[in-house]
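Given next, in structure tokens, is a single chain: the form predicted alone.
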Amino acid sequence: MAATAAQKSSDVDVLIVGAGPAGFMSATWLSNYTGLKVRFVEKRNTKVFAGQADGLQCRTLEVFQSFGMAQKALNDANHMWEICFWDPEPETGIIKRTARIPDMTPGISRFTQVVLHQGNIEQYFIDYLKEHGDNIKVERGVLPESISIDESKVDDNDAYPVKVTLRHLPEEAAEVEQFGHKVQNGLFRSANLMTEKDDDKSLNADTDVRETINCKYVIGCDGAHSWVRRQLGYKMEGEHTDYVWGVLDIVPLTDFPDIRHRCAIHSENNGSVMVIPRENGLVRLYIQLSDVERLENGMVDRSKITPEIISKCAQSIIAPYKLTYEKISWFTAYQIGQRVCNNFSANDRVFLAGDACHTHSPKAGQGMNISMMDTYNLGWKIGSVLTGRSPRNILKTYQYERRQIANDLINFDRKFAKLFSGKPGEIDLEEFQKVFAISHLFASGTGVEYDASNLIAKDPSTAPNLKEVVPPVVKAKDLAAKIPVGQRFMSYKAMNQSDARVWHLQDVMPSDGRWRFLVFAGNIKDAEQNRRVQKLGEYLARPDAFTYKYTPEGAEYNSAIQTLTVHCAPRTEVELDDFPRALRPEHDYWSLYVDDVPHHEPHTKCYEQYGVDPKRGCVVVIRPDGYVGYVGDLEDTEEVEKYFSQVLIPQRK
């Protein structure tokens, strides 16, 4: 090796491999934990400019809102309000519109699904990191070359048990084609990939610079051909289907009346099309390809598929309507594969996320969304452990929670893909419409529910895979029928007690690493309820209460566990001083809210929406990622303490 191939060495807290949406979500979370040293590497020398993922689901937009990024996406994206179903008439075989339903079930979120190019989404993350994480930047043209784990050190919080060798590539070696047949496997991936078959001399040049990174944690977000996964020896389990689909991103010329609606079109004999209207006049078409050449292993030969072939198929499906295009910005073809990795982590030190651990068809709009939700689940856990706030055992919940979601996704995708790809005579088209309608909770991301664990305090019998993650013992209660433990905290509006401004409650709980202790205080004008609230306040003010115990010395109250209160007494009949100081810290006017009639918009009646009895109230513990960890009575402070004792480390004596 030439002298220019210098062997540098350094220590990092976290190495993120792969600068796709999952990698960016990891970096965004970690940027909220001050003092961490994070490296973020990517082989390709630029972000995505063409093709790839194009949809943001409701839950993803809620998460973007928690980072202050949702409004940019909402301004730039195309909003999808309806989906139209087109099926062949039994008598003539000519397609006609048979149903029109909301694209998402009304009421499951304040957001609806939007469509936007992945490159825009990556740019929002880049802008966020410039503002909030100036020590975290994507290092492009960098390829991991080797990885090893010293298992004797994995339980030492201060150790750097993972060693990774990085190679810095010359610019020409990091270029990846984003249009055409060189797009690997039909979808452009992060391409952090090195194989023995690689005969590109630029990847082996003596001028490449290598360095050794000693890591506490590594997150592999490097796509379906994940280098990290292969180095760990983990396998993708599942199968490829026979369904082959082409994709066109075009500015269409057509007389089809629903070209600006999302559409599911089944033709009589020529296959199916999914129409996805996009930003800037673009439309994405997913087109079923029936007559394609295959290789000896049964996989589709992508080199033989052209935009003209895909477009011709689309025209045959959509006939008698005409469909051509004035501009094409991207095309690809893929064979549907539905697989899940047999393991999501190694020693809770190296983690896989996104396409690196699950692959499926893209038509349900899950790939990018589920990938980002993987690292949204993981990022705060690593950050909390590295900053000494949480024990390492919370990291076990990443695989425990997200692998079940991946399995659910594959099961959903198998049914959805079969119904979408089947011929009208082979499938029940009415069933397809019903499946689509009832799948909204899962597809939107709002129906995700985590089983019992040390982070989710509910009946352990609901967790068949429970092993090393032990939930706290809690009493069964029916206090908030519409705040399910294990699901994300749904957002309804409440009015600020101090200034009468109305807020979505999710918006007063940003993704900043804090836990939330939410008190539904009920009507404190009632003497007995007032007594209960005052007693809770007395406990929270004690120096041994969880509100202080887990707050670092010198840090502000509410900086580790933020206490928020929503009461339902008439707002004009109570004052701030009527509430215990622990529920309204001095000079803090943003901790106390009321379920009252606002001046300028309809009353959302949040107590009713959350299913909380105003005469009894309740307390809710909400994780940093917005999922409900515990629900109890106002008097259940010991149970709350037991919960926190399993997931947080005391910061004070």
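All values reported here derive from a predicted model rather than from experimental measurement. Numbering starts at 1 and runs along the sequence shown.
Keep in mind that the form predicted in complex with another copy of the chain is not shown, yet the notes after this line are about it.
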(request) Find the only residue in 97, 137, 132, 531 having a heavy atom within 4.5 Å of another copy of the chain in the predicted complex. (result) 97
(request) Identify which of 304, 501, 535, 327 has a heavy atom within 4.5 Å of another copy of the chain in the predicted complex; exactly one of them does. (result) 501
(message) Test of understanding: in the predicted complex, would residue 78 fall inside 4.5 Å of another copy of the chain by heavy atoms?
(response) yes
(message) I'd like to check something about residue 590: if you look in the predicted complex, is any of its heavy atoms closer than or equal to 4.5 Å to a heavy atom of another copy of the chain?
(response) yes
(request) Could you confirm whether residue 259 comes within 4.5 Å of another copy of the chain in the predicted complex, counting heavy atoms only? (result) yes
(request) Evaluate residue 102 for contact with another copy of the chain in the predicted complex, applying a 4.5 angstroms cut-off between non-hydrogen atoms, and reply yes or no. (result) yes
(message) For a quick test of understanding: in the predicted complex, does each of 35, 487 and 615 have a heavy atom within 4.5 Å of another copy of the chain?
(response) no
(message) Partner absent here, but in the predicted complex, which of 346-354, 155-163, 69-77, 388-396 has residues with a heavy atom within 4.5 Å of another copy of the chain?
(response) 69-77
(request) Determine the residues of 586-622 with a heavy atom within 4.5 Å of another copy of the chain in the predicted complex and present them in sequence order; the list may be empty. (result) 587, 589, 590, 598, 599, 600, 601
